[in-house]
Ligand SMILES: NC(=O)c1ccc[n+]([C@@H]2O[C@H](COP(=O)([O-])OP(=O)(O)OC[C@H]3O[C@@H](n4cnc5c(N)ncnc54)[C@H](OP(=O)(O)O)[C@@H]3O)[C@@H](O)[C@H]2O)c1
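Below you will find one chain, with nothing else, as structure tokens; this is the form predicted on its own, and questions on how it binds or moves follow later.
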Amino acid sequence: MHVVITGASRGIGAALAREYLSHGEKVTLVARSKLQLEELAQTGGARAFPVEADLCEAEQATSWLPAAIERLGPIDVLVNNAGMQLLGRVAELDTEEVGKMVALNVMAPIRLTRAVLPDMIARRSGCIVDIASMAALTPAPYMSHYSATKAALATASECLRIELEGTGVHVLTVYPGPVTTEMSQGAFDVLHKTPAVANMPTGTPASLARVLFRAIAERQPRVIYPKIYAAATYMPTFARWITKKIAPRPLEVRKL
């Protein structure tokens, strides 16, 4: 099996890459951090193919796919994990940075999915995994545009799953809540961490990677992690009210 993971140099992407490599699968690792990618690729030997690319740039979003296919074979699983986060008041956000976030969080997955889908459909086999966010379901203050990008990705993902029914190609939509990554820690550094936020159920990249490995194999439609946040899908109004009540306030605008 050939698995492509974007944003593979750290956090959820790196953990999922380690999970697949530990099971003997072939993995293409995509990110901007060449050194971190190469260090991770060493654990997989010839089964790992590191690709340095800035997916914010349209010309780099898919240009590396032919080399990955030549190296490791047809793509069986595409994990659209790469993303960035901007925190702060909308009136203070830099529109150029917002544009980069839209390019990475929304347009890169769209371009990559469009690029690999025809071959998957032709082979009647494959899986697209879109890493959205609980922010897509329960928008929070100071995460306006980030929530919008993740809602866009989640909606596109959920729609595509229905569209591809009967083709042999599956789509898994993932809604991570708080997970102990550099991005989430950076968010807490920017925001006043209230007691309520400090005690929120939090997962780990390694645990989520194991959940995703199983969900992909079982062709599950969606994953909400940690599980407790699944309540937001049944009680969305209450979940949004709670989110508003416990939301901390930002110290500064920051890109993560």
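From 1 onward, residues are counted along the sequence shown. All of these numbers come straight from a predicted model, not from anything done at the bench.
Heads up, the form predicted together with the ligand isn't pictured, but that's what we're talking about next.
**Q** Let me test this: is every residue among 33, 81 and 132 within 4.5 Å of the ligand in the predicted bound form, going by heavy atom positions?
**A** Yes, the whole candidate spot contacts the ligand.
**Q** Among 68 to 76, 121 to 129, 160 to 168, 173 to 181, which stretch sits within 4.5 Å of the ligand in the predicted bound form, heavy atoms only?
**A** That would be stretch 173 to 181.
**Q** Does any heavy atom of residue 40 come within 4.5 Å of a heavy atom of the ligand in the predicted bound form?
**A** Output for residue 40 is no: heavy atoms all beyond 4.5 Å of the ligand.
**Q** Does any part of residue 230 reach within 4.5 Å of the ligand in the predicted bound form? Heavy atoms only, please.
**A** Result no; residue 230 lies far from the ligand in the predicted bound form.
**Q** Is it the case that residue 116, even though its partner is missing from this view, gets within 4.5 Å of the ligand in the predicted bound form, heavy atoms only?
**A** Residue 116: no contact with the ligand in the predicted bound form.
**Q** Give a yes/no on whether residue 48 approaches the ligand to within 4.5 Å in the predicted bound form, heavy atoms considered.
**A** Looking in the predicted bound form, residue contacts with the ligand do not include residue 48, since no heavy atom lies within 4.5 Å.
**Q** Considering 224, 206, 56, 215, which brings a non-hydrogen atom within 4.5 Å of the ligand in the predicted bound form?
**A** Checked against the cut-off, the match is 56.
**Q** For the stretch 137 to 152, which residues lie within 4.5 Å of the ligand in the predicted bound form by non-hydrogen atom distance?
**A** Counting only heavy atoms within 4.5 Å of the ligand in the predicted bound form, the contacting residues of 137 to 152 are 146, 150.
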